[in-house]
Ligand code: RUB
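Only one chain is given next, in structure tokens, and it is the form predicted on its own.
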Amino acid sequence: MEQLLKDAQKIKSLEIQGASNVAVNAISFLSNYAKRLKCENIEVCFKKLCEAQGILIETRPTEPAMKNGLKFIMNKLEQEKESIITKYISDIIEKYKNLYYDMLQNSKKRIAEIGARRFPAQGQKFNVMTHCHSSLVTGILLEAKKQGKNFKAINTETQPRLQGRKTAQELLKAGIEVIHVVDSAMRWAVRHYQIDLIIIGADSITSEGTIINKIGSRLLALVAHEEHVPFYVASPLLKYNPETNLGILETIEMRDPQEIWEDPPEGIEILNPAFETVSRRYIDGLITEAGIFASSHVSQYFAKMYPEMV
């Protein structure tokens, strides 16, 4: 358990970032914990694994991709509970860990292919904008570049942890022209560069089609609405939170104020919300492994593709 707590701290401290990365690491931590378990019977094993699941979920309660992955593994175990031999339980968890990982990777590949179709044919100039860092969004842009499509990317630095720099570096490495702006220059950039398309990622999607993403995402959505620029969200369906269908509200994570100001003057209150919501009314389409559709339809597509997680 001591090692699991150390592993969990890597997620909680933001040493591990990005919804997909958090999910992949969390299921790996659970798998590694199972390999270290010494249980006299299956009931004790399940009790300890459920405890480990709870510890991992509490590190980032707003990450459905992680929760869905852990739920997927535990549900599969529950289905096989009667036939499981205790000493082989870690092998079974490893099998389903790899299966969930493949689901994530396959969905990312599919989303990149679908999203790249939103870029015009070769030869036409095109300006696309994004916010923060999303492996799904960079995947779409890299696929469009691979297809020889001609476009320029504008991205935000994303205060206070500057995740936008990672996006810029990945795109530059692939030979994509990048313009990097401060977050407060969002509206100016959209108007000055005549943005044709905006794509952001998502950390979570609710049953109503609202998405939760890095702070600043709603501002960009409002700019897109004002300037009549198509606004898309790229996300695997595995980031849908089925609990919201039962009335559970997503919470906005508040992070350490020192990320903003390390040594502030005494008496000042500093707020550091990490995420914010973007209403479905501002989202032209959700780009997923199942295709592009209105974000309000996410629960139907999720239930169809991943019934074991509902």
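Everything quoted here is computed from the prediction, not taken from an experiment. Counting begins at 1, following the sequence as shown.
Another form exists, predicted together with ribulose-1,5-diphosphate (RUB); not displayed. Remarks below refer to it.
> A221: heavy atom within 4.5 Å of ribulose-1,5-diphosphate (RUB) in the predicted bound form?
No, no contact at 4.5 Å.
> Even though ribulose-1,5-diphosphate (RUB) is not shown here, does A19 get within 4.5 Å of it in the predicted bound form, heavy atoms only?
Yes, A19 is a contact residue.
> Within a 4.5 Å heavy atom cut-off, is T156 in contact with ribulose-1,5-diphosphate (RUB) in the predicted bound form?
Outside the cut-off, so no.
> Flag T210 as yes or no: does it have a non-hydrogen atom within 4.5 angstroms of any non-hydrogen atom of ribulose-1,5-diphosphate (RUB) in the predicted bound form?
Contact check for T210: no, nothing within 4.5 Å of ribulose-1,5-diphosphate (RUB) in the predicted bound form.
> So, Y101, N241 and M305: all three within 4.5 Å of ribulose-1,5-diphosphate (RUB) in the predicted bound form by heavy atoms, or not?
No, the candidate spot makes no contact with ribulose-1,5-diphosphate (RUB).
> Here the chain is shown alone; which of L136, A144, I195, A168 has a heavy atom within 4.5 Å of ribulose-1,5-diphosphate (RUB) in the predicted bound form?
By the 4.5 Å criterion, the partner-contacting residue is L136.
> Heavy atoms within 4.5 Å of ribulose-1,5-diphosphate (RUB) in the predicted bound form: which stretch among 93 to 101, 78 to 86, 199 to 207, 114 to 122?
Comparing against ribulose-1,5-diphosphate (RUB) in the predicted bound form, the contact stretch is 199 to 207.
> At 4.5 Å, heavy atom to heavy atom, what parts of 55 to 74 sit next to ribulose-1,5-diphosphate (RUB) in the predicted bound form? List them in sequence order, or say none.
If the 4.5 Å heavy-atom criterion is applied to ribulose-1,5-diphosphate (RUB) in the predicted bound form, 55 to 74 yields R60, E63.
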